[in-house]
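Just the one chain here, laid out as C-alpha cells, in the form predicted alone.
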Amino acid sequence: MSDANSKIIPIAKAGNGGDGGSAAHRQLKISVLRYNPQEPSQPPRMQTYPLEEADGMTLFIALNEIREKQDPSLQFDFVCRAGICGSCAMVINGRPTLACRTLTKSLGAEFTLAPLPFFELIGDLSVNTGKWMRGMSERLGGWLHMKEPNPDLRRAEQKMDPDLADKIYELDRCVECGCCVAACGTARMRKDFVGAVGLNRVARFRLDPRDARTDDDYYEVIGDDDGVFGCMSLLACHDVCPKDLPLATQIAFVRRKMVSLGWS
C-alpha cells in the first residue's frame, strides 16, 4: 500500500525552464561516480551517459534505461519505486535524496550522481545502509519493549488515543534511507553517532504507551556525544529528509529531556 504522504519533490529547478513538450525531449548527460571496491586497482572515475529524456521520467527510470541499453555493469539499488523502501537513496547534484522520487525535468540537462557517503560502498551508487541500520537498531533496542513479558496475542489490541496514534505514525514513516546520516556533519566526525534516524526511533518509542522503558533507560543509550548530545543542530537531516519528518524538532525535544536527567 502506498504512503499517502509520499510525493515527488523536485530538488532543483529545471535547466531549460518550463515543463512543456520541449523539456520532455532534452538530451541529458548524466555523470556517475563509478568505483567497485572489489577492483581496487581501478581508481574512482566519473562516467557520463547520454540519454534522451522522456515525459515524466524519474531518475530511477533513467538509471534503469542506462543499465538496460548502455551499461549493464552500473550498480544501484531499488525495490519499491515509490519512495517507501528507501533503497535508491543517492547524492544527486550534491544533495542526498531518493532517485525514484526525483523527476529528471527538475534537474538541469547535465547533472551528477554519487553514492551516499558514510556507509559501506558496495559499488557505484550502491551502499550497504542495512548493515549500519541494523547495528544502530540493536544498540538502541529499536523495537517495542513490552510491559508484559508474555502478552496474550489473542487478546484485542490495546486502545490508543487517536491523536497519539497519529504522532507515532508520523515518526514511523521513516524509511531508513540514510539521507539524514549522509548529510550529517556529526556523522562525518563520529563513526558511532546514531544519527537523526536513530534519535527519531527513540522519539517514536518514547511516545508509545506500550513500551516499558523510561527516560533513564534511554539516557543510558543516547545520553552522550555519540547520541543526542553529539548533534550540532545544523539541520541538514531535517532539510534532506525525503519524507519531511520533523527530525530537528524531535531531536531538540529528546535532548531537552536527556539534559534534565543529566542535571538531576
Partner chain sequence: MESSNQLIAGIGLAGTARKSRWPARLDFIQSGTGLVLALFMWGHMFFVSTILISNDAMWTITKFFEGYFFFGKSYPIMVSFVVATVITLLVVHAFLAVRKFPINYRQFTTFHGHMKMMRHEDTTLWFWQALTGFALFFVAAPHVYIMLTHPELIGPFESGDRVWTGHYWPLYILLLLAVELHGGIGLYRLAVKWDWFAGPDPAATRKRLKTLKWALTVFFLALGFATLAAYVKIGIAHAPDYGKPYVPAALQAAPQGVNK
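Numbering follows the first chain given and starts at 1. Since we're looking at a predicted model, the values are computed, not measured.
Keep in mind that the form predicted together with the partner chain is missing from the display, and what follows is about it.
**Student:** Go through 170-178, 123-131, 93-101, 68-76 and give me the stretch that gets within 4.5 Å of the partner chain in the model of the complex, heavy atoms only.
**Tutor:** Looking at the other structure, the answer is 93-101.
**Student:** Is there a heavy atom of residue 108 lying 4.5 Å or less from a heavy atom of the partner chain in the model of the complex?
**Tutor:** Contact with the partner chain, no.
**Student:** Taking the shortest heavy atom distance, is residue 238 within 4.5 Å of the partner chain in the model of the complex?
**Tutor:** Flag for residue 238 set to yes.
**Student:** With the cut-off set at 4.5 Å between non-hydrogen atoms, does residue 189 touch the partner chain in the model of the complex?
**Tutor:** Yes, residue 189 lies within 4.5 Å of the partner chain in the model of the complex.
**Student:** Taking heavy atoms and a 4.5 Å cut-off, does residue 25 contact the partner chain in the model of the complex?
**Tutor:** Residue 25: no, not in contact with the partner chain in the model of the complex.
**Student:** If the cut-off is 4.5 angstroms on heavy atoms, which of these, 219, 60, 35, 49, is the one near the partner chain in the model of the complex?
**Tutor:** Contact with the partner chain in the model of the complex is made by 219 alone.
**Student:** Counting any non-hydrogen atom inside 4.5 Å, which residue from 212, 207, 54, 234 sits next to the partner chain in the model of the complex?
**Tutor:** Contact residue from the list: 234.
**Student:** Which residues, if any, of 152-184 lie within 4.5 Å of the partner chain in the model of the complex when only heavy atoms count?
**Tutor:** Contacts from 152-184: 182, 183, 184.
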